[in-house]
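The data below hold one chain only, encoded as structure tokens and taken in the form predicted on its own.
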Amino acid sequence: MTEFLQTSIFALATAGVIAVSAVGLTLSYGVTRFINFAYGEFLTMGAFFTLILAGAGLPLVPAAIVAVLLVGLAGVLIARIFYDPLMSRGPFPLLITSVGVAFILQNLLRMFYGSDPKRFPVPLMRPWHIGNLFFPKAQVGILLVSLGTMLAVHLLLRRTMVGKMMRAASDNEMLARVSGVDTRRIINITWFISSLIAGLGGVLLAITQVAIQPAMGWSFLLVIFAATLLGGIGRPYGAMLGAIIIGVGMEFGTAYIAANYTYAFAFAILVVVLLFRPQGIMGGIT
């Protein structure tokens, strides 16, 4: 029983990292109807920007805040340069362009920092102990930040005018534009928020992995896609639910079956669910 509860603690932290990352991706898809394959590189940028700022003397938390804001701005800039001119040409040119952008960003990081893993500046902290269980402070912090992010996304979508306009553009961009919504502004805001959340996901992922390298976001993108598809693509709440299922499945599969096939468990869960509900858990739910 103790082993089960201990694994659950790590499973919830993993689910939190996936949930934050998946929500950012599904927000951008919901408004733009475009699956951005460069999204994983925004996670990598969040981790590396934090590393650079911390190396310059900033404490970890302020460095992470500045880093995720920079990633948000970088996301808008990249969208304007590479994606906006292609929006009217259909999904295939956008998809190929996003893959190219991913490799450009990844190799730029390799040029400046090399391919060797870099240690993320996570301070050593004693875990909390309750009976036979231990609660690593980093994992508890990740879970709290993830819950806060989910709440912030919920309040954004349900309680703010920007969120309501994002939902209107997601449901029907043409109708939203006719109704007076500045869809171009909403798309830019969506790119900023989505990229900012990706940067935050990258910081959380770096804390769990400790060592970071330029391909970390690209590798983790497969897990993000699994959670997004499982929950129902374009559904933020579905992405949260899908992330919990994937995160728990990965950790328990690693703990009880085989430690070398962590990502395989994510896709096994995805395949099983989609066989019975192809649209995802919350796909088609309004």
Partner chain sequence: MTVEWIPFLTLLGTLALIYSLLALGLNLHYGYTGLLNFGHVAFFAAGAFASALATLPPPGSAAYQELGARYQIGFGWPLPVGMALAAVAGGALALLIGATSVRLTSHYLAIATFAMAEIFHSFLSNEEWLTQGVYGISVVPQPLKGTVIPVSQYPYFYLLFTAITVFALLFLTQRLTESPFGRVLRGVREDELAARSLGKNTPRVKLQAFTLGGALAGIAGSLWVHFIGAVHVGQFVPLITFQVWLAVLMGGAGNNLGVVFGAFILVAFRESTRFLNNIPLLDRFTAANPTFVPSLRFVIIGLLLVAIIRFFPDGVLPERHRKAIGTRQDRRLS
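Numbering follows the first chain given and starts at 1. Rigid core: the largest C-alpha set superposing within 1.5 Å between the two forms. Here the structure is a predicted model, which is why all the values come from computation and not from measurement.
Although not depicted, the form predicted together with its partner chain is the subject of the following passage.
- Across the options 194-202, 79-87, 127-135, 140-148, residues that bring heavy atoms within 4.5 Å of its partner chain in the predicted complex belong to 79-87.
- Contact check at 4.5 Å (heavy atoms) against its partner chain in the predicted complex: none of L27, I65 and I187 pass.
- Residue L229 is the only one of L53, M250, M240, L229 with a heavy atom lying within 4.5 Å of its partner chain in the predicted complex.
- Though its partner chain is absent from this view, in the predicted complex it lies within 4.5 Å of a heavy atom of just one residue from A215, L73, V122, L95, which is L95.
- The closest heavy atom approach of I207 to its partner chain in the predicted complex falls outside 4.5 Å.
- Residue contact check for K118: none of its heavy atoms lie within 4.5 Å of its partner chain in the predicted complex.
- Contact annotation: A152 falls outside 4.5 Å of its partner chain in the predicted complex, judged by heavy atom distances.
- By the criterion of a heavy atom within 4.5 Å, M111 is counted among the residues contacting its partner chain in the predicted complex.
- Contacts between 212-227 and its partner chain, taken as any heavy atom within 4.5 Å in the predicted complex, involve W218, L222, F225.
- Once the rigid core is overlaid between this form and the one not shown, L270 counts among the residues whose Cα shifts by 2 Å or more.
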